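Included below are structure tokens for two forms of one protein chain, each presented in isolation as structure 1 and structure 2.
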Structure 1
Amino acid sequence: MLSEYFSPEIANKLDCFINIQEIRIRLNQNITVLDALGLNELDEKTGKQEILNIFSSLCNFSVYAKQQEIKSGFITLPEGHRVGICGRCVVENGELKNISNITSLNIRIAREFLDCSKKIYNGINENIDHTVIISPPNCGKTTYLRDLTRLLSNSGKNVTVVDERGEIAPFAEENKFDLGKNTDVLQYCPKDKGLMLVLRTMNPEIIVTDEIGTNNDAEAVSEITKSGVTMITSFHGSSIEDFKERFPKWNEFKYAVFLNKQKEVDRIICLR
């Protein structure tokens, strides 16, 4: 439950909103809430101590236990919601070690929309092949991936999800998403290692993972595609040219699915 992370006053105000998509908390500013009806501002300014209390609560009162995630700039809640963090970075030997003096938190709410990826499923299922979902941030890539996993899994295929940040398949009982009856999930494993691991051990027909982009990801994707297993993933980008320019192994993919700002499937194109 989202309200358990906030003080009773703020929690009561949050209960008035329908289908919250995002909650932004900024130092000495009013809390803003984006819901189905639009952007709203709560009459609750958050001082330094309030932000620390909320952050501590989001970390389950064990900030040290979330250190690895904090180094990536966000933490994932048990319900699958992602919390982006801004503050002062502590860098050591060129590596981000910690974020302290938190000044902003951005809570993005994870939701399940059953059959939202039906259009993608119908487009690729007949000749299923490597697929990448491309869009700018906050267009629903993870939500579409989750639903596509469910549809493919329920069609009889063995699907393995490599969920590096625990967003595609959170296990919290309260908000457990349906990923289909033939799905295996490897959580919180670095993507490149996780992909190789499941390829060797889980005998998948399809591997699903989120947000590829690094060179290590590209190498791992190449290994997967050569092995005969279908790869379905997502990429932060605005266009096909962007994808081709920034991801070296773009030509391994057959289908590219584009999402627009309205979180709808804009088009599905064949790359080869």
Structure 2
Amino acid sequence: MLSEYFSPEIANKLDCFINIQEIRIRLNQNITVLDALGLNELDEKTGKQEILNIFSSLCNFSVYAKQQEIKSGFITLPEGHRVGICGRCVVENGELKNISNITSLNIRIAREFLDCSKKIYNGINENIDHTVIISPPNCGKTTYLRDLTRLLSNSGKNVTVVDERGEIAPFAEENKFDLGKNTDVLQYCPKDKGLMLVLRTMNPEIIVTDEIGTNNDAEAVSEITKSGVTMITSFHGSSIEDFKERFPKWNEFKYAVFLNKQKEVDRIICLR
């Protein structure tokens, strides 16, 4: 699946793993692989040239063409996987222009699990209302959002996805993932601006976006809920209480869904 991006030696070792979730590559450290059984460490370190070779390969040997994504701290692969980037930031007039001298890469594997969100869908479908999916990182929020989008769309609802980082619907024009027959996608637009744009132009019944958190996000969510459009989103948090404490417009949502570390729906509660 990812063999083409690595040297034959590393590719052969990666092929031994099943259901890889994440690959971390750090300068002068061993590559680590997170799979269904836990964290694994390969028995060789990656030097500066090896990281450069891998990064160039991940960019399809055209780093310049990926500059818009790189300055946001990630690139998205054709298969939908996201690669987080660390290194030396190039900043001009307070704006991040590039990340060079790459020292770390984090490849997060995107997968489609059809019907994983059926429990959420069944819990809110009779009276669809504003819903937030909450969990710590790497617990499946984006995967659940993607599947919930598909179920709601195929039920006849007009759904618009605002996908700021290209994670819910990576390369949507190529239909890499099934988002349903009544879904429109706006990609790589700042979240708060994208939410307002689709609210004005797409006449959605439901808007889906990932990882709200800023004050601007909160104001956009408030505008959407006032308009009569249903908002479905996610939030990085350790608990539903954490969400209430850190997101100023938490009471705009009716349902909160908490995912546990096993990537299962732990509970669905009514917030109001």
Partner chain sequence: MLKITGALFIIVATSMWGINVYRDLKLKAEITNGCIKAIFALKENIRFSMENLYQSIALCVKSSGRAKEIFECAIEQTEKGLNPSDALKYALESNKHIGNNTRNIMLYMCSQIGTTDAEGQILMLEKCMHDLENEQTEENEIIKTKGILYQKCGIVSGILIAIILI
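Numbering for residues begins at 1 and runs along the sequence of structure 1. Between two forms, the rigid core is the largest collection of C-alphas that superpose within 1.5 Å. Here the structure is a predicted model, which means the values were calculated and not measured.
Only structure 2 of the pair represents the form predicted alone.
Superposed on the core, the two forms differ at residue 66: its CA moves 2 Å or more between the two structures. After superposition on the rigid core, the Cα atom of residue 96 is displaced by 2 Å or more between the two structures. Relative to the larger rigid part, the smaller part rotates 13 degrees between the two structures, based on C-alpha fits.
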